[in-house]
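One chain comes next, on its own, written out as structure tokens in the form predicted on its own.
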Amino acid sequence: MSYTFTVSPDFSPDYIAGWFVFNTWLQRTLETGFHLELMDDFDSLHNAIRQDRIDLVYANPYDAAMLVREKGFTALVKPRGGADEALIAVAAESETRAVEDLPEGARIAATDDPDVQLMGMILLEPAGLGKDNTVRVECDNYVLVAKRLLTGESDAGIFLTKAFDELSRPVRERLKVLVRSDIQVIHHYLMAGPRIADLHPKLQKALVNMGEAPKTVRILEQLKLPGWDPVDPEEVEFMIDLMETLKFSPA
């Protein structure tokens, strides 16, 4: 029997090959067939989850509640040493010096990444800005968010901090960060579904040990991951509660 593995669509296209290599390692390690299906967007991912087509997913924090509480998934590991954070940036030449300088009706460039959108809108709250008094400029990726700022098509952009830091140096130098989040407890998780419950212990152990062998270290390097840490279920529940609270923020 073959199972389906997918990855949250917010990952950089630069990592596509790395995820296929990871999936090959996964199959050999578990001696079980896994098909890697990459989704074009979050709507496609959410539909696949609702239809019970997914067995293993590198999940966005925003989706954790549905996966755990509605679909019975278990968070096995999280990336070592880094939480998901967001930032607000503008073009370096912009007269905007702080979030509070952004006016009502500001054009905000962003991807469809739900947890980054959520954190970004909270960062805009000091300016009295929210979904009802800003214009959203949707972009397919963070490179295009930067482009919208540099061409003057947007007044500010919401970035995943890691994605901003991975922009080329010339692009970063033409941008100016106004504010960064510092929540520290929001993470992506590798989550496994109930159909592969018998594989959970073996998979978690193998993932945590990936940093111990040169071959698997190279796989991690392809994904720009320093390693995996095991996850405490209480930690996941805390993050889910936090994300649910943030969803009801006035933004």
Partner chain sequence: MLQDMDPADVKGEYREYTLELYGVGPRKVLVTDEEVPYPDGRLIVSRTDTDGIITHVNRSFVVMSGYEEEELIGAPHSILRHPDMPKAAFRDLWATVQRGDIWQGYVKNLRKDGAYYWVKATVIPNIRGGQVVGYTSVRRKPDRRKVEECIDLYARMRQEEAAT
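Residue numbers count along the first chain shown, from 1. The structure displayed is predicted, hence computed values, not measured ones.
There is another form of this protein, the form predicted together with its partner chain, and it is not shown here; the text below is about that form.
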{"query": "Contact stretch among 72-80, 160-168, 145-153, 123-131 - heavy atom within 4.5 Å of its partner chain in the predicted bound form", "finding": "123-131"}
{"query": "Asp229, heavy atom within 4.5 angstroms of its partner chain in the predicted bound form", "finding": "no"}
{"query": "Non-hydrogen atom contact Asp112 with its partner chain in the predicted bound form at 4.5 angstroms", "finding": "no"}
{"query": "Contact test in the predicted bound form: Ala92 vs its partner chain, heavy atoms, 4.5 Å", "finding": "no"}
{"query": "Partner proximity in the predicted bound form: Ser2 to its partner chain, non-hydrogen atom cutoff 4.5 Å", "finding": "no"}
{"query": "Site test, Thr24, Asp41 and Glu138 vs its partner chain in the predicted bound form, non-hydrogen atom cutoff 4.5 Å", "finding": "no"}
{"query": "Interface residue in the predicted bound form among Glu221, Asp182, Glu31, Glu212, criterion: non-hydrogen atom within 4.5 angstroms of its partner chain", "finding": "Asp182"}
{"query": "Residues from 221-246 in contact with its partner chain (non-hydrogen atom within 4.5 Å) in the predicted bound form", "finding": "Glu234, Glu237, Phe238, Asp241, Leu242, Glu244, Thr245, Leu246"}
